[in-house]
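In the block that follows, a single chain appears as structure tokens, in the form predicted on its own.
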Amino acid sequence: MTERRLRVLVVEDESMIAMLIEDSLGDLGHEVVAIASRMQEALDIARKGQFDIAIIDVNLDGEPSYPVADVLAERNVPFIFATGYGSKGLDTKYSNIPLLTKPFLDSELETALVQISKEV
């Protein structure tokens, strides 16, 4: 378990999956500060929001979410990608970013959070 409570932005276009991630994060002792389901909403929060890390669905309603990742990288906000396609669905530019393959277990989420929270 991570040693501190993280404030998390969740970028996910499937509401059921977003709720499952929110529940898992709560069970792990973290706080979801915002859930963005569309690109512009995600970009706005990524630019102005106050959070420690983000979990980003790679595909937002058919659109790659890399612009959100780029904004977070510019702000030095660590993030995790989530996708149902595994590493094959990820642009090689982001090969160093932690990846959760959906559906994932709470233990896999926790492992990714421990890995990424070292950057926070």
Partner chain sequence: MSNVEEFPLTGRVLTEYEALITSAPTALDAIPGAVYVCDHEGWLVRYNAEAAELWGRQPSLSAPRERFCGSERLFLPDGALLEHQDCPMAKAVKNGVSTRNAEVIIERPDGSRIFALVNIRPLRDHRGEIQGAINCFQDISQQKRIEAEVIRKSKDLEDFFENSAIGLHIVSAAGIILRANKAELELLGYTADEYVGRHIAEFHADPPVIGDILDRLSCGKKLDRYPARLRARDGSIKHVLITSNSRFDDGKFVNTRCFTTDVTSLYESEDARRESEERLSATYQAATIGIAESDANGRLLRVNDAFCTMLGRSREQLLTMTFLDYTHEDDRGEEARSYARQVNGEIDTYAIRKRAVKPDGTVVYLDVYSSTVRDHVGRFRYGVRVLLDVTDAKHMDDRLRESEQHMRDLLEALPAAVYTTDAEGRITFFNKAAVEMAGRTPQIGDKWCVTWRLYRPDGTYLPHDQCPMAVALKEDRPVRGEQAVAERPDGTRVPFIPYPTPLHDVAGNLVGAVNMLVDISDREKAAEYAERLAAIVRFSDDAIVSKDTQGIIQTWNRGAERLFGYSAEEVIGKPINILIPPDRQDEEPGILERIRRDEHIDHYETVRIRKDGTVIDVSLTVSPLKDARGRVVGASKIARDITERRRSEEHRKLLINELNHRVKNTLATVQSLAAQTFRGVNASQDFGRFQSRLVALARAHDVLTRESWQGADLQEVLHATINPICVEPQQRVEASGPPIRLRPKMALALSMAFHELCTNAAKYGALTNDGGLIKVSWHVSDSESVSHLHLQWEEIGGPSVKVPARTGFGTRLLERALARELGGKVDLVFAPNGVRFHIEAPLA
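Residue numbers count along the first chain shown, from 1. The model shown is predicted, which means the values in this text are computed figures rather than measured ones.
If you look for the form predicted in complex with its partner chain, you will not find it shown, but the lines that follow are about it.
Although the partner is absent here, D27 is a contact residue: one of its heavy atoms lies within 4.5 angstroms of its partner chain in the model of the complex. The shortest heavy atom separation between D57 and its partner chain in the model of the complex is within 4.5 Å. Although the partner is absent here, G84 sits close enough that one of its heavy atoms falls within 4.5 Å of its partner chain in the model of the complex. At least one heavy atom of E14 is located within 4.5 Å of its partner chain in the model of the complex.
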